[in-house]
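Only one chain is included here, represented as structure tokens and corresponding to the form predicted on its own.
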């Protein structure tokens, strides 16, 4: 990944993680949400907090897993941060996200979209773990690219949703669509751009 692209990815990831930590750590639950969604969040406090904080942790660590310089200079840090990323960020965040998908506002389309994201995130994390345990480094990196593309859905959701509303789409139509748009294109880009050639 080129430096400019890596810098943008890192800034967006850290920015959204920081935003989530501030909003959910210091403001009343649901304060920054659409009014119709607040009741759901209030009734599922444990699930939403577990998902938000674990997923934010994954966003904070994720970009640095792809730094070849950091891997070369600090391989132990890479291994331990990778374990934390997968074991806490992806596992807890994915399970909590899957649970919350059943309660997602926006009807069946939104629930299926967010449920698919959670399952794909858990599956790619498991494959990344299995491949590195088998010392299949190239496969591990491909699965990690897919996994972080899914984690980055937290960022693209916050780009798609206001963009859709600004374009004039009603919230009740935009939100279920964004439940899919926030992650399916990310996987396509991951395959076409990052997994089509060997990593350096």
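Predicted, not measured: the structure shown is a model, and the values here were computed from it. Residue numbers count along the first chain shown, from 1.
Here the subject shifts to the form predicted in complex with a small molecule, a form of this protein not shown in this document.
When contacts are defined as a non-hydrogen atom within 4.5 Å, none of 80, 91 and 128 contacts the small molecule in the model of the complex. Picking from 65 to 73, 162 to 170, 45 to 53, 137 to 145 the stretch near the small molecule in the model of the complex, with a 4.5 Å limit on heavy atoms, gives 45 to 53. The small molecule in the model of the complex comes within 4.5 Å of no heavy atom belonging to residue 112. The shortest heavy atom separation between residue 20 and the small molecule in the model of the complex is within 4.5 Å.
When the small molecule is considered in the model of the complex, residue 33 lines it closely, a heavy atom lying within 4.5 Å. Residue contact check for residue 37: one or more of its heavy atoms lie within 4.5 Å of the small molecule in the model of the complex.
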